[in-house]
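Just so you know, structure 1 and structure 2 below are the same protein chain in two forms, each on its own as structure tokens.
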Structure 1
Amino acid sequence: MLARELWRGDAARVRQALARRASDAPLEELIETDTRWRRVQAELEEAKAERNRGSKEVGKLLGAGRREEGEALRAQMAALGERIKGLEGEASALSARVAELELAIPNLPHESVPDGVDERSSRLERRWGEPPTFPFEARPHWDIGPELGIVDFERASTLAGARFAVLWGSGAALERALVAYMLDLHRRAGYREVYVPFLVKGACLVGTGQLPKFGEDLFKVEGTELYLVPTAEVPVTNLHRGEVLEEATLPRRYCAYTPCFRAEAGSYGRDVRGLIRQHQFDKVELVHLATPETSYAELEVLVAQAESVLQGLSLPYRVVTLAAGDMGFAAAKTYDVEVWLPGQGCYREISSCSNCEEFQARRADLRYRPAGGGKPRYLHTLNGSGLAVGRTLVAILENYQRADGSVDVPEALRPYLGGLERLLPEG
């Protein structure tokens, strides 16, 4: 969430930033409710002070034998007590509403983020690799996988409905190999691997910004307070909630594999074919915890690490900076890494790398103690896919396809597949 002193003291700046996001966040209601809460709180404190003074005066009057005056003042204090109860209830309700509205305000875009509301306004930063050319018409993965007998949408639909897939044989092995390859690559780069629960409390989702705004995209376990993780960002970012880390231990760089579960409530009609947008998918996530002074350097480290996976697999891609109105709720700046998919003739996002600055840290109470002393400060949190495993599998099927329907295995993955060089029809 935003610092209260920011929207209280510089509302014009916040309004301008939200306009860049094309956000309909309830800033004006927040400011109005906060003003009312502070006014009521001031009345409450004055009323309590008056009651304290009156109670002392009652004692003095009674002690001095002025019983009639003392009883009259006591009656006034009793009436004042009823007013205090009313003010306490009003202040409590207004305070709760302020806290609720604060959670609905998105992060402010960094000054380097381009204006615009969709991908058309993204800024191209760089490209890597040349899209392959084929002496045949490139096919999409939703044809390649089923024809090889390694991707099965029909049986998945029988098991769980739409937006699920069953992977058979070398398809399942390739998925597993990609997870191992990514984790090994990140560990060699100095990331600390962590295995986390795939279920989290609602407070963790509030901390990273999925709740309360995006509750419809989550799967909640009925009868519990637990949710299936939509991304490993949630449990990993919350690992140190309520703690105060030492600056000497920063930055901290973590990598984690989890399955991810998303209802995709807002994606009706989008990517209905194939593996691009599933209710369940695997992902290796990268999370950085850093100081405010180093977080934007860490963002460059983070995106370079995500890129290293694609480079190792020789998959062509590009990096873009998202426009202000196209970023996620918690992000201040986001790079999207987009892999080339020849079967679809376009680049598709395979990793979003974001600096959330202190937005998540304020919600999740993530702080560090400066090396030079002083009060604990809020951390800056960063996260990015390193990578989305299913989309990487898609990119391999489409970029490494051959005219006979087989698919070459990238050299970097062959050691994880017992030396397998090519995916052939099976089943």
Structure 2
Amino acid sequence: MLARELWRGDAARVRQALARRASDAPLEELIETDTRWRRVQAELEEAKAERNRGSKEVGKLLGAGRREEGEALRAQMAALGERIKGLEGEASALSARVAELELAIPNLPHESVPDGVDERSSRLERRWGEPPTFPFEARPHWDIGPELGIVDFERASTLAGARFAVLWGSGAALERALVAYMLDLHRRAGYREVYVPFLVKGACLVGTGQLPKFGEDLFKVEGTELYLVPTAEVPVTNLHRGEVLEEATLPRRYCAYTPCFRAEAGSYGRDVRGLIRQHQFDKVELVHLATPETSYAELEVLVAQAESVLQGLSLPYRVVTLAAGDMGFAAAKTYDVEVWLPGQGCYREISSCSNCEEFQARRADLRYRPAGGGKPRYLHTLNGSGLAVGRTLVAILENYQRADGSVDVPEALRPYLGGLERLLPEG
């Protein structure tokens, strides 16, 4: 949510920023409705002030035994009450509409974000590692996994339909090892691990920006008001909803493992094979809460932390800055970390690290009290994957594959797998 002063005071600037996003947000309707609301609100409050004065007077007159005058004024106030009721209805309808429209305006892109509306306009920041060369044709993970007997799409389909996977044996263990490895790495870097609910109220999703606009991407549990989390960003960012944190406790850096559930509406044709796009996947998430002064420095810390996971696994990757029109709803600036996938001969997103500035903080009411005292201010929220576990598994299968179909286990993971050095056909 944007600060109201922003579009009330400088609509042109907001209009221009939204144009960079190629956004169809209802800014003009918002401004117009807001103007009408304020007009009615002023009228309403004036009427109420009059009634408050009159009602006090009624009490006095009746108390003083001046019955006739009191009754006359009472009747007058009753009439005024009717008018107030009408204005109230009008004002609350307009105010509700303003709130609704406000929630439909995305965050404004940071000045350092490149122009453009899709990934072709992303700006390459850096590359790390060399894509491996193979003396054979590199194969995709959807062949490698099933042949080793550790990834099973057929049985997943029997259980739940398309876009699910069953992991067997060392595949399941590898998934678990990755989660543990990532969390340990983050904890050593000073992140506080947190375990959170996998079901959340709608208010949390409004807080982070998934609702009200993107409900079709979510799974809602029938008969309840709860949603399956699409990312740990939602419960973790909402942890301090309604709180005022002391500046001395910032920045806060949290990490959390959760499964993530996404309906993937509107992505029917895309990534239909393999583990890349699933209704359910594991992810370790990083969330920072920071002051406005430090949030962009924190974004660099965050993306570096995500990168350290890939470095630890010796997986080649690159970092790009997303274009203004390619970012998520809540983000002001986003770095994508893309891992090299030999089976597909391209870099694929494995982490997305964003600074949402105060956009989510306003929605979720996350504030801090400045060190010198004074009024609470909205803090800045950041989040990033560290990393998407399923896609990391994909990257390992494809980058560590061998001619005979076996797959080496990255050194860093061996302690988590009882020293296992290589994945061989099993089952």
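Here, residue number means position along structure 1's sequence, counting from 1. The structure displayed is predicted, hence computed values, not measured ones. We call the rigid core whatever largest set of C-alpha positions still superposes within 1.5 Å between the two forms.
Only structure 2 is derived from the form predicted in complex with the RNA. When one rigid part turns against another between structure 1 and structure 2, the hinge among Gly129, Glu88, Ser55, Leu211 maps to Glu88.
The chain behaves as two rigid parts between structure 1 and structure 2, and the smaller of them turns through 21 degrees against the larger. In the rigid-core superposition between structure 1 and structure 2, residue position Arg83 carries a C-alpha shift of 2.7 Å. Core fit done between structure 1 and structure 2; CA of Glu71 shifted by 8.4 Å.
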